[in-house]
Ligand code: FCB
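Form predicted on its own, single chain, as structure tokens, below.
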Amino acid sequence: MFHRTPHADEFAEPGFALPTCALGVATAATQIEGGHADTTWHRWAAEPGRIADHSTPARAADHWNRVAQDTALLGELGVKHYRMGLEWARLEPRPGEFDAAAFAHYRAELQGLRAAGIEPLVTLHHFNNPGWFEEIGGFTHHHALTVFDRYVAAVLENLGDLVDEWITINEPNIYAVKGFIEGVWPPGHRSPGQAVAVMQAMATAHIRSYRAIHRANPNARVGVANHLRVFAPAVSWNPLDRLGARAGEYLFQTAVVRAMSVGRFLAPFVQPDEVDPGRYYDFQGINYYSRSAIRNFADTTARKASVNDLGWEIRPQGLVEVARWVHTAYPGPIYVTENGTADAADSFRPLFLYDHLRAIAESGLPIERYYHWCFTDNWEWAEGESARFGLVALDFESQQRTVRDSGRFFADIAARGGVTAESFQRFVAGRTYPRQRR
């Protein structure tokens, strides 16, 4: 797992060891590959005013043309586990027509990762649909599950021999809320009913995909990357804030995690006839970024909180809180499938890494993986190229990659199996988080 076993005295305070949690990095196809695939996000970005900096995913990190370079860079960072996504629109550019060249490209990428000693964790759906699928209504269409089954079957037939670990769906709750309640992501609807229908369809799609993957490979590990947050009342004694926090937590994550994990579809969902209660996860994937302070049923940020470039609260202990909740409800291995922060100056990301990994080390929970978001700066959906999450800085114009201090710190943690007192002094000491000004 690590390059060597360090001596115990290297982990003297303020260091710590990570004996059971392997480090990796995460990416998503649309956010790094570049190119002109006909996807919902390519179409959305072409509409004026949709993206904060008016960029599109056509440039991104040009990873499609730089796979060998990026694989070598992963090796330099000491990465042994890499979460990557497949772009459905590349693989199935027209309904029922699959692109052999695109499959060959992903095969070569997976083979290159394995040759470099890097284990891939492959995501089947990460926020983006082929344009033709969106045209028929996406996951609101009555044949959506059959269409997704076809795509999954083709992936398993062409790539299944190279992949042992899968994420079926990434953040179904964020996909539904952003696209069908807030209307700020494609398809830009504002319909709570559609949001519920989409999450129900995605939960069912996960269960069907879980079964299909295990039929093809009984030893595979399959899960969902669920976006989990800590929900807290902005004013602890305010009954409306307390009620809003409980309702928000249930509607945003509790119900959908239950459906996807054990096949129990409780309100606001409806139990599908085809789904029997059971276990539909081999690990619990957690994407954790922040906490929601609920004020009058609205999602806000706690006053005077530590925040990142996007104003998201930084609360490392929240990762343990959501992981403990998941493990209590649905025991088993835990993968932190995303955790990272927007920090263009890289002024506090080393501290962010230290605090979150230390929380994991001290949690006593079976957290087996930690995938940092993101490997390199990427195209961050509606934020475009403006939000910088990478351990590796990216000059979008030249496509030059430069490992940040946080990237060197990450590599040191991976090499030593934890944070040593020496590496703390080198990378973390003296850093602080920005504070919310209210």
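This is a predicted model, so every value here is computed, not measured. Heads up: residue numbers just count along the shown sequence, starting at 1.
Not pictured, yet referred to below: the form predicted together with this ligand.
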- Options 126-134, 208-216, 261-269, 89-97; stretch whose heavy atom lies within 4.5 Å of this ligand in the predicted bound form: 126-134
- Output flag, F180, T204 and F252 jointly within 4.5 Å of this ligand in the predicted bound form, heavy atom basis: no
- Pick from F389, F409, Y371, W41: which residue has any heavy atom within 4.5 angstroms of this ligand in the predicted bound form? F389
- Query: Among the candidate residues H81, H227, H356, R291, which is the single one with a non-hydrogen atom no more than 4.5 Å from this ligand in the predicted bound form?
  - Reply: H227
- Item | E338 within 4.5 Å of this ligand in the predicted bound form, heavy atoms | yes
- Query: Can any non-hydrogen atom of Q200 be found within 4.5 angstroms of this ligand in the predicted bound form?
  - Reply: no
- Message: Is it the case that D377, even though its partner is missing from this view, gets within 4.5 Å of this ligand in the predicted bound form, heavy atoms only?
- Response: no
- Non-hydrogen atom contact E171 with this ligand in the predicted bound form at 4.5 angstroms: yes
- Task: Note that this ligand is not shown here; using its position in the predicted bound form, name the residues of 17-38 with a heavy atom within 4.5 Å of it, in sequence order.
- Result: Q31
